[in-house]
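Consider the single chain below, provided in structure tokens and representing the form predicted on its own.
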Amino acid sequence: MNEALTLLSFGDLGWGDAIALGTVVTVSLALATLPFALIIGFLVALAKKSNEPSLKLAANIYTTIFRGLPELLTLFLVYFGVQIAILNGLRLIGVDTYVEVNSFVAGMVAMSLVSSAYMSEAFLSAFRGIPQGQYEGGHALGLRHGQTLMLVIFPQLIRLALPALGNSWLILLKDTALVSVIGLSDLMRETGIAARVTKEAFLFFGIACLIYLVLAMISSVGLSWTERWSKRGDTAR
């Protein structure tokens, strides 16, 4: 017991500092990815419900690709593919140098692409749950289409999409563990290093499990509060 506490302590003798830093990186990556995933997912959902066939086709292709590819493969394609593209582009203009893509940015881009594909389906389902009369009511009040969308439809859309978006957030939080394979010092990578160095795999991976569970529990509490807050104007039946 004392040995385990020493290994998990902060300072030169323990791995507490590294694990804490890895946890911060994990949460930072998830929080940095979330806004981009939400915005892209919303735009893709708009394209899917558009009357323009080309937009609808492009949105369907987008979601098919990033929902069909494994998240790890998407991460590799972004991390190595962008790096190769930059190198080839520089060689075309006569610049011969080495470029390395930042692993945090690569992870954020890859996770945004994957998460937005799923979030677009949440937004699309929410769009379908809003009666057509809401659009007609906005137009009857003299609102333009954009104003109707933002002032009338969007608040209802968020409320309807929140449960599915909450699930997408929890999946995103767990998927951040994949970025450890491209060298980002997240929670999974730091606990993996500690497990290999100390030969205490069960201890450190068990700690990683507990931390992910705590993060999920905190997220669940936050999501439950957000859902209750979004329904504060509902009248009791």
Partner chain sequence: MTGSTATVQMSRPPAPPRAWTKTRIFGHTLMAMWIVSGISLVYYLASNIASPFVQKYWPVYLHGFFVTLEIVGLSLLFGALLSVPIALARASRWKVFSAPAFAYVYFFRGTPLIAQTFLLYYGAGSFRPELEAIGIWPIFREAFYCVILAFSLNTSAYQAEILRGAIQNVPRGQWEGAQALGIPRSVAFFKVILPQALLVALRPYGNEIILMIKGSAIAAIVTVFDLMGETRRAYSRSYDFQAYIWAAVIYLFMVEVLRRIWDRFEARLTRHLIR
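Positions refer to the first chain, counted from 1. Here the structure is a predicted model, which means the values were calculated and not measured.
Just so you know, the form predicted together with its partner chain exists too; it's not on screen, but the next bit is about it.
If you check in the predicted bound form, is L223 within 4.5 Å of its partner chain, heavy atoms only?
Answer no; every heavy atom of L223 is more than 4.5 Å from its partner chain in the predicted bound form.
So in the predicted bound form, is its partner chain close enough to F127 to count as touching (4.5 Å, heavy atoms)?
No.
I'd like to check something about Y118: if you look in the predicted bound form, is any of its heavy atoms closer than or equal to 4.5 Å to a heavy atom of its partner chain?
Because a heavy atom of Y118 falls inside 4.5 Å of its partner chain in the predicted bound form, the answer is yes.
Check whether A140 has any heavy atom within 4.5 Å of a heavy atom of its partner chain in the predicted bound form, and answer yes or no.
A140: no, not in contact with its partner chain in the predicted bound form.
Between its partner chain and L55, A58 and L77, in the predicted bound form, does every residue show a non-hydrogen atom at 4.5 Å or closer?
All of them do, each having a heavy atom within 4.5 Å of the partner.
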